[in-house]
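Next up: a single chain in structure tokens, the form predicted on its own.
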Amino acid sequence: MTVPTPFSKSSETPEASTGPDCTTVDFFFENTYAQLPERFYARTNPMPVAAPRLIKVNIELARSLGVDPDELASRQGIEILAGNRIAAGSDPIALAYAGHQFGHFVPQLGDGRANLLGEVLSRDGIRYDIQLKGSGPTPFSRRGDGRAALGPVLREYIVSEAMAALGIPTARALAAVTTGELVFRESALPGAVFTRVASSHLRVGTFQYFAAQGDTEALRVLADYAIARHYPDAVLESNPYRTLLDSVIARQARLVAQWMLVSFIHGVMNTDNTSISGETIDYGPCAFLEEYDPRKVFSSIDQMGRYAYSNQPLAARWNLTRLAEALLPVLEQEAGTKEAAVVSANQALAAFDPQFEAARLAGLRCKLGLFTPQEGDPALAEDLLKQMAINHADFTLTFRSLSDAAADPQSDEKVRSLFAHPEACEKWLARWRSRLNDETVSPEVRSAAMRKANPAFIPRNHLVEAVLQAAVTRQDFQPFEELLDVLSHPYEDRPGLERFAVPALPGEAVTQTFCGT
């Protein structure tokens, strides 16, 4: 294996602006990915915009990355966030990758509207990518304009930060700026640029890109890079590439279980949106369930329900199978023969279902306040979900109300009120209370633990849409700030903010979400 290390910047790297107006923003960039062979990316600078204006800097995240948030909010910082200025040490590139999109393989996708500015080491020593989205066309744009509209940028900011606060591994939002320009989709919309932070932007589709070309050497270099960056302990194993596959499968199984436990639907679980690091990335037509319906689809482009709520583990396993196929050439180097490599890959994939089910069941036990596993727990949880689906019960409010009922049986009435037919949950509540009697934990301790597993606040779709409408049509960002504040503490009760915790009224319900690209 070759373990990549940072080395001097290429002479082809664009220079930072110099002179009296030079930026004082210092990211302390490193550029290990830009030092890989040039067929891994295209060197391309962001395209400047007319009149950038800051919407938001994520102060806490900036500080954790060792970046001064005040400098980011300065004129020079805003120019960097908009793509009008190249920061010191930055080596902007657009990454190459392929991908299956709704089951159809596209051999070349790549960053069509994004620039990886560079990598930073956070205060805790973790390496992160800093990427601009909506920063103009690249060689991978496929005749697109490379821009992003304001609405999708704010959606990604809101949902990625909400997921982080919920404890789900995710890409993060560092900043958002408007461009002073229009982008043209179904209509003319204000443009914006989003600054994303991720553990990396390596995807299943990145491996597929080189596998489709039969480029085994690039696959080996990419696999070595992924191991060095995300799974360094694999270097110590006799079969590091199989260990890489095992590790990605394990992280994806936990990730999908975690996001389903808070009712999230990704919407576009294509292989180019499946990260090697085990983070949620590329928030497009994503949404959160209100009424529990395992067949629910919000994405306007998911016409066949491929990525419906309950199909997400199937989609993840399918995507990981594509990763295993792409890795076969390097697995063969370890296993000795192609046949042995296939056996090894299938053994790795067989672990997905039990890992997902174990993570999901552990999460459901936490949500139900069950500390000591018992054989009947899976049936107890599934029976509740079945009754919730039949009775159109709100997913988030049901589990949050159970958190209250764990400490006070009088709160059972709050749970019943969420069901179309309140009597439908009577027998289940009795079974649950009987099950709780088998535990030695006090009601107060149980309730407190459940409240840490059952959020009071999620990015309800009608609230997100209202925020986007206010920003796009009135340039009013106060609702955006208010919603972000609420979602930053999803497990806390917030007196006076109850309107953020209740489902949409009939006239407010959002039935479709859109990609925005």
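Given the structure is predicted, the values throughout are model-derived calculations rather than measurements. Residue indices: 1-based, along the sequence shown.
Form predicted in complex with a small molecule: not shown, discussed below.
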Let me know the one among 240, 363, 89, 112 whose heavy atoms come within 4.5 Å of the small molecule in the predicted bound form, would you?
112
The one option of 332, 325, 145, 279 with any heavy atom within 4.5 Å of the small molecule in the predicted bound form is 145
In the predicted bound form, do 122, 251 and 259 all reach within 4.5 Å of the small molecule through at least one heavy atom apiece?
no
Note: the small molecule not shown here; in the predicted bound form, the stretch from 145-153, 440-448, 392-400, 427-435 having heavy atoms within 4.5 Å of it is 145-153
Do residue 141 and the small molecule share at least one heavy atom pair within 4.5 Å in the predicted bound form?
yes
Distance check, residue 127 to the small molecule in the predicted bound form, heavy atom within 4.5 Å
no
Contact label in the predicted bound form: residue 290 to the small molecule, heavy atom within 4.5 Å
no
Against the small molecule in the predicted bound form, would residue 97 count as a contact residue? Criterion: heavy atoms within 4.5 Å.
yes
